[in-house]
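Next up is one chain by itself, shown in structure tokens, the form predicted alone.
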């Protein structure tokens, strides 16, 4: 037996030697290189110790003196508009005191003039609940007045359910990332407001911008996406697609073509999120917004959001829609879950505003008529052009031609605003975070219309703006 084993080992050795001689040369070279590389890795050090060079105390002091840290923030000139405020004394109602001078208010978003009409309701709530809530909705921050306001908003908008936030900006900025996640696709108008932009940024979704109110461009993007989905149907099945638009655009005053958007929604199977901060309490026979304006079934919209800081003259915002959609925000809406809830006095003020809107539906026609009046009066100003719909309560005045740079344009518009303030008409420039805007709008003066302004004041404001433009631009 031992002899047989010995013979077997000899044959194995012979076969190995024979295979070595018969192997191709390149094979042997490659194996030799690999063997040498393995040996080198085994015996070589994984890192080299740097030679230590001890510095003298004097050398250390010199290096410390020479070192200049990077600035925490970039330098900002002292004359930057954001650092130079117009100081308001008293309530921002129809007449406003700016820098100690009384002016007619064409700057605040108190469209329906309800700011003064909510005081008694807010005062009663203040006596009952105090000022703040000191806790998010899920941690003893839900008060009965919050539930009442959500119920009233849902009934007013004719939706199944509503949810309120304590900060208007955070409403749509929290709602978008609650649904749209990494890998999902969002088609958004390039004129979308900054709150929408921050919501998209937080969602980490794939963002596709389409030209402002250009449905042809939007459909082009939808077709391109449809083609991509056909190439990878497995991925397409788990990818959600959204269209995000505003009812009335804050940055332009334009209305979105909602009927066309609804057609595209069903044709390409996408969801629509509608931001109505400017159109809620403005459009429609009863102020329900753009869906009422166009006579569209509100169930065709997947989610509606709006702040309560414009028409309702309060603070915060709300979303409304079907119950299963709204309930998801109670679990995932960051502004809802982690911020202290809306102070009860502000919820009571919003409820009182809804009461007034329901009891006085003619107020919306009054506002529309005044918007159209000043829109007509502002036409034909030399050097300026009106941007926005005739029924938008927030119009923009932009320069017809740039004066060399954005900085120069901003300064010229500021001179027009200052001229008007000194003459008793309070206007404001539209402000943007220039380095963070996806599509930076052109500089503009914003003219805000409310029901409290008289026809004489509207005509005076238009006349004064023409006078200021002539003085500054010519």
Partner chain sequence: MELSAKKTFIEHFEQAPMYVAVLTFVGFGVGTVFGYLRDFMRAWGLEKRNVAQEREQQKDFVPLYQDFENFYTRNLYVRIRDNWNRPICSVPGPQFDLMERVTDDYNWTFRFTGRTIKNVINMGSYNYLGFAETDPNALKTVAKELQRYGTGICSTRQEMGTLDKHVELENLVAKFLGVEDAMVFGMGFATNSMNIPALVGKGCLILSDELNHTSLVLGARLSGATIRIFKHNNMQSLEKLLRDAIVYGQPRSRRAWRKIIILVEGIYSMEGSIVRLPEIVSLKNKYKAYLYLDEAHSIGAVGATGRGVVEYFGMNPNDVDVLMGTFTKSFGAAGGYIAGKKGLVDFLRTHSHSAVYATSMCPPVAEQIIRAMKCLMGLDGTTQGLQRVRQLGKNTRYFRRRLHEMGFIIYGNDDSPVVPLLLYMPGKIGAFARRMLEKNIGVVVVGFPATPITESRARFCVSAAHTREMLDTVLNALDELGDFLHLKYSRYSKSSHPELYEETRFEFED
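Residue numbers count along the first chain shown, from 1. Note that the structure is predicted; figures quoted are calculated from it, not measured. In this text, rigid core is short for the largest set of C-alphas that superpose within 1.5 Å between two forms.
Below, we refer to the form predicted in complex with its partner chain, which is not included among the displayed structures.
Residue contact check for residue 433: one or more of its heavy atoms lie within 4.5 Å of its partner chain in the model of the complex. Within 4.5 Å of some heavy atom of its partner chain in the model of the complex lies at least one heavy atom of residue 297. Taking non-hydrogen atoms only, residue 65 approaches its partner chain to within 4.5 angstroms in the model of the complex. Of the heavy atoms in residue 80, some are within 4.5 Å of its partner chain in the model of the complex. Only one of the listed residues (170, 162, 351, 386) places a non-hydrogen atom within 4.5 angstroms of its partner chain in the model of the complex, and that residue is 170. A heavy atom within 4.5 Å of its partner chain in the model of the complex is found for one listed residue only; from 90, 380, 100, 404, this is 90. Partner contacts here mean any heavy atom within 4.5 Å of its partner chain in the model of the complex, and among 321-329, 274-282, 213-221, 358-366 they occur only in 321-329. Residues from 336-366 that approach its partner chain in the model of the complex with a non-hydrogen atom closer than or equal to 4.5 Å are 338, 339, 340, 343, 345, 346, 349, in the order they occur in the chain.
The rigid-core alignment places the CA of residue 434 less than 2 Å apart between the shown form and the other one. Remark: with the core as the superposition reference, the CA shift of residue 60 between the shown form and the other one reaches 2 Å or more.
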